[in-house]
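In the block that follows, a single chain appears as structure tokens, in the form predicted on its own.
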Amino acid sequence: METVDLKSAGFGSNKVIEWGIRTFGKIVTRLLLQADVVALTIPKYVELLRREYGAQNVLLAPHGSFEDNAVMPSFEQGAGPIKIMTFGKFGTYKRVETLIEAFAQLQAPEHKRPALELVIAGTDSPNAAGYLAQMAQRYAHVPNVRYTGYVSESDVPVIFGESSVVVFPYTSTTGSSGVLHQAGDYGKAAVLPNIGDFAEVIREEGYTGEFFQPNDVDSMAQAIARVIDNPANRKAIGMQNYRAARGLPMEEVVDWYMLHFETLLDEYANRKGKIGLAKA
């Protein structure tokens, strides 16, 4: 809770409500810490809980990559328009205004670029109903913007596979990004803000990308341009992200959990044995 910008996440419009959410979050955190082991995906979360809550039962369990696919993705530009994609639930700290305005800049005739398409894949955040419909109306004058709506699991490989670059138009972060790990799974270049948990994951897990200042249209447009105008750079970023994702597949994360389950079971068995001896 201490790392979340509640205003950006759509919960901080009222100071009393914000205080209530933070207080409740801290109470829930203390309840969760009653477990034998609490696994966290980012090192700074482990450090924070040890420092702020005095927790000694917290351990790092990295996010891991999703796909169990031994086939290396293609890092070449596909046929048709260059697709710039963003993926998620939008309207709180994930917002598309800056991205659409940056995309409009990239399409300006003076740049003489190949055809571009912006793909906004996903739905509204539960806290921002109607947001994407409002954006579609507000930016109806910007051509070549496509809203996919909900993306089923079977369509995820298609959405990522057709994209040249994945953009993360976030104003803040609320944890390790599943979409960044998916981008790595599919060998995609990323354009992202070097803030909060993104910075932590990039530093710890070896991802990379072109970076921009949050809410800065020019900065985002320039970052995207450095990818789509330079195929060698796009390919190098995609390959590094793929290697980062492959470096920690989900099966290794599962093995980590199994190891700690076995340790807990051994400790439990030892405690039962000692109690039995004491009674005897």
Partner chain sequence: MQIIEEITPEKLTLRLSGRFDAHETPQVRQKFTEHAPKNALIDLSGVTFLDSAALSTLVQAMKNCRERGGELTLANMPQPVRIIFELTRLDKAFNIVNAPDAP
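Fair warning: this is a prediction, and the values are worked out from it, not measured in the lab. Positions refer to the first chain, counted from 1.
Keep in mind the form predicted together with the partner chain is missing from the figure; the text below concerns it.
S.K.: Is the gap between Val37 and the partner chain in the predicted bound form 4.5 Å or less for some heavy atom pair?
M.R.: Output for Val37 is yes: heavy atoms within 4.5 Å of the partner chain.
S.K.: Does any part of Leu59 reach within 4.5 Å of the partner chain in the predicted bound form? Heavy atoms only, please.
M.R.: Flag for Leu59 set to yes.
S.K.: Flag Leu259 as yes or no: does it have a non-hydrogen atom within 4.5 angstroms of any non-hydrogen atom of the partner chain in the predicted bound form?
M.R.: Leu259 belongs to the contact set for the partner chain.
S.K.: Indicate whether Val46 is a 4.5 Å heavy atom neighbour of the partner chain in the predicted bound form.
M.R.: Contact check for Val46: yes, within 4.5 Å of the partner chain in the predicted bound form.
S.K.: Spell it out for me: taking the partner chain in the predicted bound form, does every residue among Arg50, Leu248 and Glu252 have a heavy atom no farther than 4.5 Å from it?
M.R.: Judged in the predicted bound form, Arg50, Leu248 and Glu252 all sit within 4.5 Å of the partner chain.
S.K.: Spot the stretch among 223-231, 51-59, 26-34, 210-218 with residues whose non-hydrogen atoms come within 4.5 Å of the partner chain in the predicted bound form.
M.R.: So the stretch in question is 51-59.
S.K.: For the stretch 130-156, I need every residue with any heavy atom inside 4.5 Å of the partner chain in the predicted bound form, listed N to C.
M.R.: Nothing in the stretch sits within 4.5 Å of the partner.
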